[in-house]
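What follows is a pair of forms of the same protein chain, given separately as structure tokens and numbered structure 1 and structure 2.
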Structure 1
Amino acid sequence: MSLAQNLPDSSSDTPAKLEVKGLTCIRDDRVLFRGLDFSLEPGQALQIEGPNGSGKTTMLRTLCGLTLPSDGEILWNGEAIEDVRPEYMAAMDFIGHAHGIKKELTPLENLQVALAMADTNPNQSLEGVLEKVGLKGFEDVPAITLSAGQCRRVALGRLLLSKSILWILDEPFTALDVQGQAQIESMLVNHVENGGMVILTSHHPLALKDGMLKTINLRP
């Protein structure tokens, strides 16, 4: 099944552009980043690198509208994200350091919850999603018994159910073994190559064609 089906049905007709202008964040009199400018369109990914404490997570939370910038603006299709919040939230999925899954539920049940709560892709089977993220055979195992890497796979599997075009991910490869990293990398690359957009913090290289990957290196 093609991962292109994850994207909104109207993705080819609906504009989707993220623009960041002069983005600045100052915390406790310390400048985390200043004057960042970039844009992202369908078929592109942005990889944010930098040492611990350089503001990578803060930058992602700012892009999601969860943290206010000290200066600058974030535009979705030419409009400030605070002015088009419902449209922006519908177009974006964010997965942070926390897995955001219910440990008392199984992976299958966690995906059932995601399916019930969001505008999801009905063409993806839940079992098929779990197989794509390397959890075949663990569908009915309580998440509390899973490893950190397996829980991460459950969380990232929600993306395959989503119709959102923009994925914002904080260290998506954390706790994953080599096989898991390869599976998730393939998932992200497929999303971008099929017209999706990805912003992630990671030092793990993505195998994208020239012109599809942008990078920003934050330095304290």
Structure 2
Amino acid sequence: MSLAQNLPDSSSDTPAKLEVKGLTCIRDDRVLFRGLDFSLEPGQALQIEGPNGSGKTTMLRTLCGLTLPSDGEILWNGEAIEDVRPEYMAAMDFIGHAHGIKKELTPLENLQVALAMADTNPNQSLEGVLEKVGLKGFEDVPAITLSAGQCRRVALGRLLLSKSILWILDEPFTALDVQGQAQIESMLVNHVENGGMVILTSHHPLALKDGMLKTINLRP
């Protein structure tokens, strides 16, 4: 499993802890979730489950600071994420439902932009990353010619580039074939085992040891 190797050592010495207290989200008079408490530490993954429309995506967007919670707080190392924005942004990576891959740019150019946004020096070449996500030979074709699954692979390639410890992923397995799903899964498991943190929404069970995987079920 080539993906599992050479992962950036995300478990560097910096302490990392995500705490959520009393998180509440109300949209158009509908309570999506109320009074949610949990915390996440290095080496743990959190899987958010729930039927469509139960607020999974809203929750992820709230956790990365895009959406404001109606109530409650999100703390990164004990401080509210809006107060430590640069640190939190450097430590966190988000791949949303719309993954932000520009159709007119090539996979390589897409990764270059992602790299500039993230302010890290990659410990591997961009071509190497593309090879790992199974896109060798597609480096220089416009992404519009790629399939949906291949585009998602480019987006997931961003994770390999970044040194972020916390990955927040909205349905990362969407549009991927069986092999791709297995690859991404091993990538996530590896990240967690190396002291990373993953929060994801998915119905796909992650093969993690007991105690490493937490689950939250959002019921409407």
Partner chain sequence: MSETSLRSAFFTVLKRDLTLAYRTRTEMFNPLLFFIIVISLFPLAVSPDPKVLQSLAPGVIWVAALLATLLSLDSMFRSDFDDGALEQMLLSVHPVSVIVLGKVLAHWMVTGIPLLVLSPLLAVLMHMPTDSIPALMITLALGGPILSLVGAIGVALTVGLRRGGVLLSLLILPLYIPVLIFAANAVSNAAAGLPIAGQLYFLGALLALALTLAPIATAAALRISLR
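Basically, rigid core = biggest C-alpha set you can superpose within 1.5 Å across the two forms. Remember, predicted model here, so these are calculated numbers, not experimental data. Structure 1 provides the reference sequence; residues are numbered from 1 along it.
- Each of the two structures shows the same chain on its own, and it is structure 2 that derives from the form predicted together with the partner chain.
- Core-superposed comparison between structures 1 and 2: CA of Val113 displaced by 2 Å or more.
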